[in-house]
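One chain comes next, on its own, written out as structure tokens in the form predicted alone.
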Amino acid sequence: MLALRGISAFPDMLLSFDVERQISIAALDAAMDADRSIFLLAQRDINVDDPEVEDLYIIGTVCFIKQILRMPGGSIRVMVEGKHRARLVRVFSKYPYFDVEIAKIVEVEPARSSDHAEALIRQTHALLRRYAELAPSVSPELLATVMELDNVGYIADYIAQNIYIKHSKKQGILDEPRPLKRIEKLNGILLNEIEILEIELQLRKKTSDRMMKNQREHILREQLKTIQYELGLVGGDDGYSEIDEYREKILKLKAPAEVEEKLLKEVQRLAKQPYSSSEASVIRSYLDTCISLPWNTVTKDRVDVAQTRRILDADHYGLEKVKQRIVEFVAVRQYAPETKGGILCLIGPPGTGKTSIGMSIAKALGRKMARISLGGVHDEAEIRGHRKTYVGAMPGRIITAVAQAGSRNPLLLLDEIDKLGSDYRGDPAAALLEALDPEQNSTFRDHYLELPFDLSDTIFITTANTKSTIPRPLLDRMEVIELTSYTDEEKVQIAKKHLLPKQRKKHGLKSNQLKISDTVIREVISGYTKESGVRTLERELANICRKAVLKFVEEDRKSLTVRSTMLEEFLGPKKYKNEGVRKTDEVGLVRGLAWTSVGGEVLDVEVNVMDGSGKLELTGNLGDVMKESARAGISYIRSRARQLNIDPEFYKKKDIHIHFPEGAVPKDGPSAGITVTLAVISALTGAPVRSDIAMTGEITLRGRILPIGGLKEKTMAALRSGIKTVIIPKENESDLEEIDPLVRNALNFVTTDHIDNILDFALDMKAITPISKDCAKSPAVVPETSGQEENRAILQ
């Protein structure tokens, strides 16, 4: 037996097929050695390479091998002639080939002489003719041969053998031993195939008709255009009306000559395109976008310095540096009207009013404004646009914002410029370089427009939380104005003048219905907020307004004055509590000052010294810079051990553990160097540190104190904690002018350029006990220097 894949053999038919499987070749060789008889049986699934008995049909055909042709590559081409149907009874073995027992199937009905059979034959002829009309693959010889046959069973077998139908349907014809039933089944198959072919024909006809209709419309439209062009008619067709409308709009733009010439060429291209073509749609979108841009529309600036100052002061409290810069810009515009736009970068913590000050600037200048949020943008095409050849192409955000503003000299607010990202689609920060360069942006080219657009009159204002993540070339093009944290007094004024009236209006309250004193606002700021800006403060005031409205509704009250005792009822227990000044001086415990993204903080440094082998332990979730600063302080102490009355061998005999509390908060930076060094000196000498001072400064190996940043925030944190004296680097003395007068007058500032100058001031050096005679010979207190005299003068 030989298993066939995708074909079936029928009695009294010739069949040629190729054999490649070894089991099939072995079966052919065995049949050739015997009487050339072989049983051909079809597989149920043609994808099975090694079929089992259950993978085969039961009914097959016994055939006589007429010819074998061995092909290159080991395959064999076989021609067989079918003899009769047979049923598979038993499989004796599978290897090296199928050795089986079969039973011959005898046709149970006569093949001729019946009116019913004649009717079936005629039906078959009619169906086959219709099938041949619909299926081009049917040869005329097949139809002619069938017309001459009168054997019902043979007709069914012959047609099934020679038309293209699924092998499972062919097997259904082979399985039927009764000729009349067999031809009935064939007629059913032919009828089903004819229905499918007629549906395919209808689909092809609809597609062809649609194509012919489009082609006909195109030809007629082209002919109409030609006729109208020859007659000199204008507006005689929708297409021509559209072209004329585009030309009229372009000429009204009064755009630069290069732009006008380019757009008119695009209109000419549109006139040559079929109305419904995809290219025409692309050109229309491009023209609509270009025409919507304000090529020659300019708003007049409000160049009144006094009015500008009034608007800025009414909208924002504080922010004097920003306001002064805008007033200067207006003054320059008033004095020199041809001055081009500027590029400002407002950098500061969240909630300090960077975005709102941009809106106020536009209002003060009388310019139209558009806001572009750059947070999370990581595709260059978002800034400069896509080429118009791409599907769904559109201009970049800058050109879109200009079109939205409706003027060529708007104020564009680029929000969160420090949050730009980059990936395989390009670097959007690099795409901004041209737009934010005053020397280049007069000919800014968007990829979609492919035309120069003048951005030189545009004022760009960018905002960021930090400048560390802004690329240097981009930062170099902008004038940076830093917005520092608000002081508590500034927050009180902002709450009174802006936040509280806004929340009263939002909750439907009048000013006389809900009253909150300055003292209560200060308690809300200190006990329920911990931020540089005022967003949390605004949420807490909104919370108070909601609670007040609820009381008005439930208790039928008409007004409410919020007192300090009511805050826990309205806002819950205090979230933040200041430790205040410690009552006693302690050894190895020093207060430092730190800067965070939400403002300044007081940061304690604890040091323990234990007998050991000289290990240095640094804990508290510290960064590398802070760890290096601590090691630099230890090295300074080792170099000055005798002068400080410390055992010079302490680094071999003592283990030092430096800890920063609140270990869950990451900490880094060099400004804690002076704090760590004083804490270690205190722990090694036993001299207590004054509890009413705090300090900040970077230390070097030789004990020099270097300048630090964030002084304004750090001094505000010291004031909130009740500290009266702050030690700062001498080079930061000029920064005291920028500190709020309220803070500057409430604190005593001690400046120093070397740690030796503040040891007597910060430590109780009289409490030091000599460790050895050798150490006792060294002076315990550094002789007073001119720096110390200056510090004491400042304290007085």
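Owing to the predicted nature of the structure, the values given are computational and were not obtained by experimental measurement. Counting begins at 1, following the sequence as shown.
Just so it is clear, the following notes concern the form predicted in complex with a small molecule, a form of the same protein that is not shown.
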_All of 494, 498 and 535 within 4.5 Å of the small molecule in the predicted complex, heavy atom check_ = yes
_Proximity of residue 349 to the small molecule in the predicted complex, heavy atoms at 4.5 Å_ = yes
*Looking at the partner-bound form in the predicted complex, is residue 353 within 4.5 Å of the small molecule by any heavy atom?*
yes
*Although the small molecule is absent from this view, report whether residue 378 comes within 4.5 Å of it in the predicted complex, heavy atoms only.*
no
*Is there a heavy atom of residue 242 no more than 4.5 Å from a heavy atom of the small molecule in the predicted complex?*
no
_Please identify the residue among 427, 176, 488, 315 with any heavy atom within 4.5 Å of the small molecule in the predicted complex._
315
*Counting non-hydrogen atoms within 4.5 angstroms of the small molecule in the predicted complex, say which of 319, 626, 365, 716 makes the cut.*
319
*When the small molecule is placed as it is in the predicted complex, which of 246-254, 126-134, 708-716, 355-363 ends up with heavy atoms within 4.5 Å of it?*
355-363
